[in-house]
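Next up, structure tokens for two forms of one chain, structure 1 and then structure 2.
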Structure 1
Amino acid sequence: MNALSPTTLRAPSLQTEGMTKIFGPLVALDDVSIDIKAGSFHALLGENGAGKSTLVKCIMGFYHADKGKLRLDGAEVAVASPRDARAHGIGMVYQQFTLVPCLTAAENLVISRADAPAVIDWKREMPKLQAFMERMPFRVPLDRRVASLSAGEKQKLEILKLLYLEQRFLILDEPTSVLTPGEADEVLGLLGDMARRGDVTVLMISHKFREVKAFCDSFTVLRRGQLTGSGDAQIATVAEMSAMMIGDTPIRERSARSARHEDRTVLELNALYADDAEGRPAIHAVDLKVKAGEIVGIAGVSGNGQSALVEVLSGQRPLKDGRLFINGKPFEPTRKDFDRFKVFGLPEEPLKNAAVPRMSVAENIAFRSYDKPPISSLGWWLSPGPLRRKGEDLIDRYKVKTASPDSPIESLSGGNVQRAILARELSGEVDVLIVANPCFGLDFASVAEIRTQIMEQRNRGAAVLLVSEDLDEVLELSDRVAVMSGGSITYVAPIGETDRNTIGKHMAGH
């Protein structure tokens, strides 16, 4: 294949017929048949564990389906490996970048070819690369190292790499998770134009209905490994697509936002500085105030200091300089001060950062109270009876689905781990609540439940700091929004005095 010749390839159609994949007792895909028209921009929807990743891995040749057929342009094809997929013009852009950071964009493109030379003749290759780039709907600087590119430029380069390899059926796995709103709209819009011209067919895995409605023309929904619906993305409503995704799972009605009656600052971050593991600045000069009965949402593209800030506030990363105050008094992120100032939190990846995986659900729920009566007596003696009873009570109140309070917390689903940690953190009186990406990867019912719990704490008067890479979540929950870019807070505004585009520009560093 000559990857650089002017292409005459056209977008293919793709169908799966009765695709089935079984892992031991788990039927990950159950007789799934989908039909993606040539030149369409098709959304693949479904909650975590619905079978989306299994389906695309079968299409790409990472998995071998136990039953079913794959057709391109109506003809059955065998895809036993990703190499076979590439040979048939099927390519995938993954959530994690696959580029080599220390190489330039041009070098990344050339080494992706199966016939890449051991010694590259750049006098011969560069004119062809530049001619290729001239034909593309978006461009990246060929002479810059990938490490110096923005997240949006890296995502564009991943897509350009597939087009350079003459892949015309593109699978995009949550392609906008690392992009600003402006970058996301640009990339999806340009790909949509290519699809309408018949240059490519796009299958996009997404959980963002706004993007599905704005850019896709058709959709397929999976639930628990089965096909539950498909249709025209421009005709179907968000409510109809949601119903196909969740079935009859009851969704808790979200709490209304009550009026605030106080103007008292509860949490204050004053000129915070911290370094990363290599001693480089991770956050610098971070100033922010959160008032009683207020949610301040911190938005930003991943990697701009949000994780480091949460680690500072939770005591996992030392402060280099700056001070923390609660109700005007100095605060240190220690167990003693968390208890004294009624500071609670839900960190990112709670199974990793807020739980001991092999300890029981009841024991994990008791971490806030194991040294207090009635669980503890004489300051050190733990009573297993009261510990278990408290665990049972909170498991029931917060609807944590577990076989037993004695089950290891690592055996729970992601949503139920979140519920268990929330049960521990919200069961008492809360003055300050710090949450980070609280709904990442969770199903609709869990998302609704957790967002409701956050809003209820706000309505009770807690000062809530919400750090989230999901801009829709920030816009839905926050009273004010702050943007982190390059380790600093660069923009703060009441939610009613800003909009998605303005926030996006500040996320991009403008």
Structure 2
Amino acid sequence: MNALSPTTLRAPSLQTEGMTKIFGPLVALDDVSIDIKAGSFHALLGENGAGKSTLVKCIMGFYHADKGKLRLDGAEVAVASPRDARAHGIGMVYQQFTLVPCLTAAENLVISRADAPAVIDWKREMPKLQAFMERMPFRVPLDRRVASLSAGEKQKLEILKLLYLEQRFLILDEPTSVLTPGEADEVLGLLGDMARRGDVTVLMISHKFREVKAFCDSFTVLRRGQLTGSGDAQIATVAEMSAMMIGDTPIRERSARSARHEDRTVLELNALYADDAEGRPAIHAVDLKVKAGEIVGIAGVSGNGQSALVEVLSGQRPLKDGRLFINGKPFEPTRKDFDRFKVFGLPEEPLKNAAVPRMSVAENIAFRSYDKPPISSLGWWLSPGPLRRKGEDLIDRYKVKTASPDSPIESLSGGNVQRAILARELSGEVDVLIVANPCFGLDFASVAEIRTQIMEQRNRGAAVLLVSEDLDEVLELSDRVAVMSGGSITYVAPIGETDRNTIGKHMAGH
């Protein structure tokens, strides 16, 4: 294997010189030169849409930079494809998984090798794989199909795959967004140790200052495609780093929680049952009431039925038993009832669950209103003019960064997809709001913005159901906290009468 040759066995340094990448009218990267020392754990910071993913994709040969050079250990290298990058020992964990779901972990590892044998002798390979696993501080069951692994295990396997391929320059694009804080610390801690030993150099894209301060030794900041700063991550303060990220744009002041006036139940979930795709119970006897002007936060470790619950509420998953009420009247999760009861929502992974990836940003924003005046007349005629104007207006108000309202929504950066959907869902009058992991993968300024929007809807009297894997988010926003574990709600308490430890215990199933 190429990566076993002595020259690449130690951690390399990497520089880019004047990297530039242009997408149509948008300059996604503008003359970016970064310098990453051998054996460092380097953080790449920036707002959503700053160009972080674009930069690393150029390094990986996934995109062809319009201008710029790449140096590895000081020598210029040409990387025209991910295969070239791999030959140079540069590997990446992408924001979305690249494992093959129908293959087992072992099959995924073996087939990722450039020198995978034509006939695989599993009797010989398995002990080798097991020996490799033994050396790694975190493990993944080798004989399980990837489709049946949890998100955390998949992420670990992605990283293990790079180490298995003996890649010495690791690029991680928001690697911890699918991990619990405990798993994240474990994985990053190990990578940090390997970097300090000079085994690997790590470049990590992250939005979490906590991780950057705890594990990284140097950092680079991008803003709107330009380099705005770099330095020692241990010396620079969080305030300095965030100033480099957002420039002098003021961060939105958090809305305060206003006192509640009414005590009227709006949303009522009554003994809900639903099955998962394999027919096993996913949620089990879920009872919950949400009052007007109240945020009920559902905390829980991912995979305990939260996504099934949100899918039931948004009509994506059939209800096996149980009923839903809004203002005491039966509610069916259909488009008609969403309109009638003014129910809005932001599901997780909005690109998959709440958008049509290839349709334009303006069209996606119009999904709640395309069949109503002024966009539609006579019930069937769509006017492109008002549709576009509405799109432009909302893109502006919600600061969605897009090349044009006509770009497909899938070309937006992760955070901006979230904003576009939020613009669509929050721009009207809202009585019930259902949000799932609304700040997943967002930069801190967007997090502040979105949490403020949610709080404002509450203050205006909406009943808000917030499902989040981020306990801090639940604690910050909720009036009442519920914990979901094993498909049921196992604990409910007003925010003033509970604390992080109690909630944590119930999340762990005690």
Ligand SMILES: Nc1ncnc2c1ncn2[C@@H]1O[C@H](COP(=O)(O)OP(=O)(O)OP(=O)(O)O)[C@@H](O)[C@H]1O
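Throughout, residue numbering runs from 1 along the sequence of structure 1. Not measured: the values here are computed from a predicted model. In this text, rigid core is short for the largest set of C-alphas that superpose within 1.5 Å between two forms.
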Structure, 1 versus 2, that is the form predicted together with the named molecule
2
Per-residue C-alpha change between structure 1 and structure 2, Leu45, threshold 2 Å, rigid core fit:
yes
Ile489: with the rigid core matched between structure 1 and structure 2, does its Cα shift 2 Å or more?
no
When the rigid core is used for the superposition, does Asp35 move between structure 1 and structure 2 (threshold: C-alpha shift of 2 Å or more)?
yes
By how many angstrom is the Cα of Ser206 displaced between structure 1 and structure 2 when the rigid core is overlaid?
7.8
What is the Cα shift of Leu103 between structure 1 and structure 2 once the core is superposed, in angstrom?
15.9
